[in-house]
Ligand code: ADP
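Shown next as structure tokens: one chain only, the form predicted alone.
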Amino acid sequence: MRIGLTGGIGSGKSTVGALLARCGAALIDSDAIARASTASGGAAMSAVVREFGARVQDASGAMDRSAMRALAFGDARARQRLQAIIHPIVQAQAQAQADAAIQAGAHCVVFDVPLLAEAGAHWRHVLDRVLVVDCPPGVQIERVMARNGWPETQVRQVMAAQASRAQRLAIADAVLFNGAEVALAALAQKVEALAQRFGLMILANSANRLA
């Protein structure tokens, strides 16, 4: 089974992905693939520099994420141009990693894709189920401000550039609510219940092991 895992920034999606991996899923992290593609010598960097110029490249040859964030989240066309470069690389490498995991015996592959709702038909075509991690926008803002040290205006800018909460929920086959009142142990129980539906073997005390 191939599961697409998505959620807005600050929703707790990465924590859910880690819990699913503890339950036995093979986790494919599209963000990690994207970061590697824009590191020094990464597969996307030559195209990124051709498209946006040296202003988005740091001294090491990697993408200057702060400069690119300011550009992409301030200009929808720039964001679309960047995604047109990176998305095909991420999709190809994620598929290769998934194929390798299945060949190694994985029965469930979870694709952690923050922009799943935005990416269109490609992901829907290769997935059996979509799991959306959901929480109120105010909780997202509080979490990201605490985690990243960003001002509220910056968090709201990123959220505005992502799919809306309604758009994510519209593509969901299953929704896992992770509001401010949900403790890690309770979240782990919810994930284990979903994992059972996905046919995964549950590891005991996954919340404690994750901590």
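Residues carry their position along the shown sequence, with the first being 1. For clarity, every value in this text was computed on a predicted model and none was experimentally measured.
A second form of this protein, the form predicted in complex with the ligand, is not displayed here; the remarks below concern that form.
In the predicted bound form, the ligand sits within 4.5 Å of a heavy atom belonging to Ile9. The ligand is not shown here, but in the predicted bound form it comes within 4.5 Å of a heavy atom of Asn178.
Taking the partner from elsewhere, Arg69 is found to have every heavy atom lying beyond 4.5 Å of the ligand in the predicted bound form. Interface membership of Ala160, defined by any non-hydrogen atom within 4.5 Å of the ligand in the predicted bound form, is ruled out. Partner contacts here mean any heavy atom within 4.5 Å of the ligand in the predicted bound form, and among 168-176, 181-189, 44-52, 60-68 they occur only in 181-189.
Contact residues in stretch 144-162 (any heavy atom within 4.5 Å of the ligand, taken in the predicted bound form) are limited to Arg147.
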